[in-house]
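Starting off, we have a lone chain in the form predicted alone, written out as structure tokens.
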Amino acid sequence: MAPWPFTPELRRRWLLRKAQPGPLRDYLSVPCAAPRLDYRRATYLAVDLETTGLDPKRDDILSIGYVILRGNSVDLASARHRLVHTARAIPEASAVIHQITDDQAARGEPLEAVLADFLADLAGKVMIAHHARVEQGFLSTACKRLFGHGLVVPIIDTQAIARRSFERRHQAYKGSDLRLHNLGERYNLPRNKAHNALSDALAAAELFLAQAAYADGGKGAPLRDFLQ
């Protein structure tokens, strides 16, 4: 088995040599952001998914929402919300949460087309997500199935930043304290509609900016201080 390089940039270069022409190769052709870069000079893509469950190998992506951040501001004009086609019945337990019906999902766009556009917007950026393991797992699994290789991207997990902050201050916390909207309230951020992919992506974007501003005290910090 070939060795798997450690950093996202080295992994990107390694996969670029193996990827077939198409959306993933185009994405891989753009270098990752340098970890030493001042985070205020980086460009980000905050993303959230709604899915039929939590297992990327068995469950489907139902919708994807994302928005670009340039430095310390959110580019609202870049916001996108895409509904993804699935022919399988949506479990009632998940439909209650995200309120996407079978009829809506049947009218969604093919995942390959949605993912191709997403990769074009993600190229060269840092991905932001809350509890990023879910987004990373589903997106990487989908890329591997559709384009031959998993997704390589530098990631900022706003939930992980919050956890580190609590632990650094020796402050007790519950699992519910790490939820996206509960953390937003701690920073007096506006309350967006929960369990909508675009609303949650916007909430994650705003939360990261608040976390970063609090952490750096306005002096700036290297991107690596926030990376997963």
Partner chain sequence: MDVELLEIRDFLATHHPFDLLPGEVLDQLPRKLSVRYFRRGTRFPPPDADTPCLYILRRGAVDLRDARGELVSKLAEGDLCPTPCHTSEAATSFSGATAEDTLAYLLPCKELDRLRREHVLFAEHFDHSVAERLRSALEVMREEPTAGAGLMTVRVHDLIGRALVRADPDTSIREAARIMTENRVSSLIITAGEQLVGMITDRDLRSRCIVAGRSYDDPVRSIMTERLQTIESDTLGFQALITMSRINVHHLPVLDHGKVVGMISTSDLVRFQSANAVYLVGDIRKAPSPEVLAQISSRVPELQVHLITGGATADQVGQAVTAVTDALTLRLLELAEEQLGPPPVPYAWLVGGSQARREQSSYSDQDNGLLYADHAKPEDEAYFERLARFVNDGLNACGYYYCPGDVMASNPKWRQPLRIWRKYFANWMERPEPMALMLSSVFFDLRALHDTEGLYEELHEYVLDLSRANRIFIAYMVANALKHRPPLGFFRNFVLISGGEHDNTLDIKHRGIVPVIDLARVYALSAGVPQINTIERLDATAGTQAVSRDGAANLKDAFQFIATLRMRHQARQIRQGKKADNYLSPDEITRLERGHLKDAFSLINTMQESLGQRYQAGRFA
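Positions refer to the first chain, counted from 1. None of these values were measured; they are calculated from a predicted model.
There is also a form predicted in complex with the partner chain; it is not shown, and the following applies to it.
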{"property": "The partner chain contact at residue 45 in the model of the complex, heavy atom, 4.5 Å", "result": "no"}
{"property": "Contact of residue 160 with the partner chain in the model of the complex (heavy atom, 4.5 Å)", "result": "no"}
{"property": "The partner chain contact at residue 213 in the model of the complex, heavy atom, 4.5 Å", "result": "yes"}
{"property": "4.5 angstroms heavy atom contact with the partner chain in the model of the complex for residue 28", "result": "no"}
{"property": "Candidate site 24, 127 and 140: all three near the partner chain in the model of the complex by heavy atom within 4.5 Å", "result": "no"}
{"property": "Candidate stretches 188-196, 170-178, 52-60, 30-38 - the one whose heavy atoms come within 4.5 Å of the partner chain in the model of the complex", "result": "188-196"}
{"property": "Contact residue in the model of the complex, chosen from 116, 123, 155, 79 - any heavy atom within 4.5 Å of the partner chain", "result": "79"}
{"property": "Contact residue in the model of the complex, chosen from 74, 83, 146, 95 - any heavy atom within 4.5 Å of the partner chain", "result": "74"}
{"property": "Residues in 103-127 with any heavy atom within 4.5 Å of the partner chain in the model of the complex", "result": "none"}
